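Single chain ahead, written as structure tokens, the form predicted alone.
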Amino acid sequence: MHLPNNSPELVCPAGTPAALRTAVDAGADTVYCGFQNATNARNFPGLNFTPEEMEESVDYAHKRGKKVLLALNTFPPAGQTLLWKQAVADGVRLGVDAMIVADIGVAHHIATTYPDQRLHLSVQAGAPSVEAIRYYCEEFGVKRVVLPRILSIPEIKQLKSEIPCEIETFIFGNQGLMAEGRCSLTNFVSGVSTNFDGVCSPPSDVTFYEDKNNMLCSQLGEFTIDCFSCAQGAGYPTICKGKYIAPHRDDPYYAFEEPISLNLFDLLPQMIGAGIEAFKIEGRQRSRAYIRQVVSTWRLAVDSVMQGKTIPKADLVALTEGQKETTGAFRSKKWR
């Protein structure tokens, strides 16, 4: 297998300054994070960074030769762009290494106001084709695209040969296939938008209860999403990962997707061989323990491949959603 000269970048999540330091110390090349507002798609209470925390975190990472990416991957509602413009200005002032954008208006603002600021295209932009990616590169100077999780490895390798920018793909964490994060399903229940408010299934609308059969049930708003036995791992209640009753089935079933995580551990050598420049771990809402174990495991795996060594076996299933994992569309289009 042909390997690239440079090791691919390991891009890791951080929901707090402590998590960022943990990710850096565990072997991340780059950490991505966001401010405490609707400008990023993990706008949960208790997560994300103040400008002061971001400044300290960028300094911590840079002193260790690591990079920090600022997630600005939501969409400003009409006439309400000031929050996003302020986040961009703060990110530039604090010296983040790149901004991850999804909205064309935000990309245009950065490209025209701060032309030296490096731009990455978020998976939320939903750009899986040569033509779409070239458009963002030519119009806004995008340097890297985070690909939607709908492409196989051969498709990514072909795409790589035809686009003028770097490729970043997810390797571990949430599947997020509902139009690659631009999902509107929870709006019908919570009234809060993933795209505009930056949060899917807000914690204030989530409850858990035990039913008469001693099953743990998760509820979003007024609707029960799923029920789990003691032997099952309970997933976070989102509409896309709920069980539903349909006329063609005798029992409730996962109509969209089940609680499950992407894990491409076994495909890593093929992905490195495809020329992918950066691998992304999902989970800005996860704990420092999760960050430490997942990042260190993938650090060892990437280094092993690049050194021509056998990848040490690793069991990450306990850290997956619902304790179930999949290779998604990367191995086959028929993954379910």
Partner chain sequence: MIRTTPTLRKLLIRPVPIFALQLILSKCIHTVARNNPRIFARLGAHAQKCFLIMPTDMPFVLFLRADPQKPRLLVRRSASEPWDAKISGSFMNLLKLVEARMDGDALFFSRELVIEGDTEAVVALRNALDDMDSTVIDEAAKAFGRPGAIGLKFARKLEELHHAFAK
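Numbering follows the first chain given and starts at 1. Just so you know, these numbers come straight off a predicted model, no measurement behind them.
Heads up, the form predicted together with its partner chain isn't pictured, but that's what we're talking about next.
- Note that among 232-240, 96-104, 120-128, 246-254, the stretch whose heavy atoms approach its partner chain to within 4.5 Å in the model of the complex is 232-240.
- Put simply, Leu185 is far from its partner chain in the model of the complex: not one heavy atom of it is within 4.5 Å.
- Not displayed here, its partner chain is kept clear of Ala278 by more than 4.5 Å at the level of heavy atoms in the model of the complex.
- Although the partner is absent from this view, Arg292 contacts its partner chain in the model of the complex, with a non-hydrogen atom inside 4.5 angstroms.
- Though the partner is left out of this view, Ala314 does not reach within 4.5 Å of its partner chain in the model of the complex, counting heavy atoms only.
- Proximity to its partner chain in the model of the complex, taken as a non-hydrogen atom within 4.5 angstroms, holds for one residue of Val206, Val92, Ile156, Leu177, which is Val206.
- At a distance of at most 4.5 angstroms from its partner chain in the model of the complex, all three residues Thr16, Gln285 and Gln323 contribute at least one non-hydrogen atom.
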